[in-house]
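Take a look at this one chain, the form predicted alone, written out in structure tokens.
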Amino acid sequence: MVQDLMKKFHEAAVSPRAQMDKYMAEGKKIVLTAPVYTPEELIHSMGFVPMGAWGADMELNRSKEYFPAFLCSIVQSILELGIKGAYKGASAIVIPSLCDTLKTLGENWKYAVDDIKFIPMTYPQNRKPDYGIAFTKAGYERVIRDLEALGGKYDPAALAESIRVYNKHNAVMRRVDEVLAVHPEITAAERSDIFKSAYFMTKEEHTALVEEFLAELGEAGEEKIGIVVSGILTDAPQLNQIFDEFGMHIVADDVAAQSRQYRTDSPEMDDPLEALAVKFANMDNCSVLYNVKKPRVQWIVDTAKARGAKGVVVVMTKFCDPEEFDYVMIKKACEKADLPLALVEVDRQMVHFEQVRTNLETFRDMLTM
């Protein structure tokens, strides 16, 4: 039964276009959500299906007409897919402003993919003070107006219900993260499918599937080498294959496309839009969320110790400035905690993973000495 469920996760993870076509055939409108944090609850409440747009592993051609080669390949591949028609039929794309490259994606999207409306979501750097919360709320109000122009209808009661749906999904994803820490028989590739599939299914459907999966899990399998993985994106099949080949078990992740999405719930408040803004204010421990104290660094060390990890693997997306800035502090914190650390670089254009394999094989040998 578990394998049947894993097959469903995998099919959704590798076939986002099929998911789009299914929802559109049901008469639903799709709104794409770009990295890293978009107000999915708001989109969901207005009658649209939010669908993640995190790019794909592919050769970049047309996007190079708009971006220099040294920009993040995740963002470039999103535009490449848009130009090639992979998202055809979507009503809009919501792009947040959480890094410089994402800011340029929105402006380039308007010219390169004019059949899918660009909706900006401008977040404040100083998100925690009252004025930051007010700024975020004003950004959400702008998104509401743009979605209304596409036929959506804003209703505070509907938003409150969507928040409940998303909080429930957050809880089940936090639970699966905890449970998988003690189930090494679930491979890195399978773990990736569970998290990645969430972007291409309605949260109601995905919550039900994860709950069924948790109920069906049996006893834990043979112990492997526990690691914590950190980065923006770790869904490359070749990368996860290497983890599995070398007997590395991901006991926790600090990955923007995975567990970082589910750490923070929207609080219960009279004004659900205010609650959504407060949720963003409460988020932390992420390279793209400004915090001069950088608590993310200690979070990685503490989580690795709590989960019994033998080491940390930082999967660096090439040309991702926020992650590169944080790496030095992560390295120093791991050294201070006597926690082995490995760094591997990836991007959406990679075909050959020999250098990654060599680095991780050496790291595996070091951890098992």
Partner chain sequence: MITLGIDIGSTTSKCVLMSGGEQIIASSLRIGGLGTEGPAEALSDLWDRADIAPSDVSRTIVTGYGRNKYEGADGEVSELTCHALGGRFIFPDLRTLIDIGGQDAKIISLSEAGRMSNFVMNDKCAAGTGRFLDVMAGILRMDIDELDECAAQSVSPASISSTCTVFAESEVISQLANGVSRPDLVAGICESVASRVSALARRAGVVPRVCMSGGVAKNGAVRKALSESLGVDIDFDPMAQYFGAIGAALYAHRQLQKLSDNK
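Source: prediction; values computed, not measured. Residue numbers count along the first chain shown, from 1.
Keep in mind the form predicted together with its partner chain is missing from the figure; the text below concerns it.
Shown without its partner, this chain lists 26, 59, 65, 335 as candidates; in the predicted complex, only 335 has a non-hydrogen atom within 4.5 angstroms of its partner chain. Every member of the trio 331, 357 and 365 reaches its partner chain in the predicted complex with some non-hydrogen atom inside 4.5 Å. Mapping the unseen interface onto this chain, residue 21 falls outside it, with no heavy atom inside 4.5 Å of its partner chain in the predicted complex. Among heavy atoms of residue 345, some come within 4.5 Å of its partner chain in the predicted complex.
Shown alone here, residue 11 lies farther than 4.5 Å from its partner chain in the predicted complex, counting heavy atoms only.
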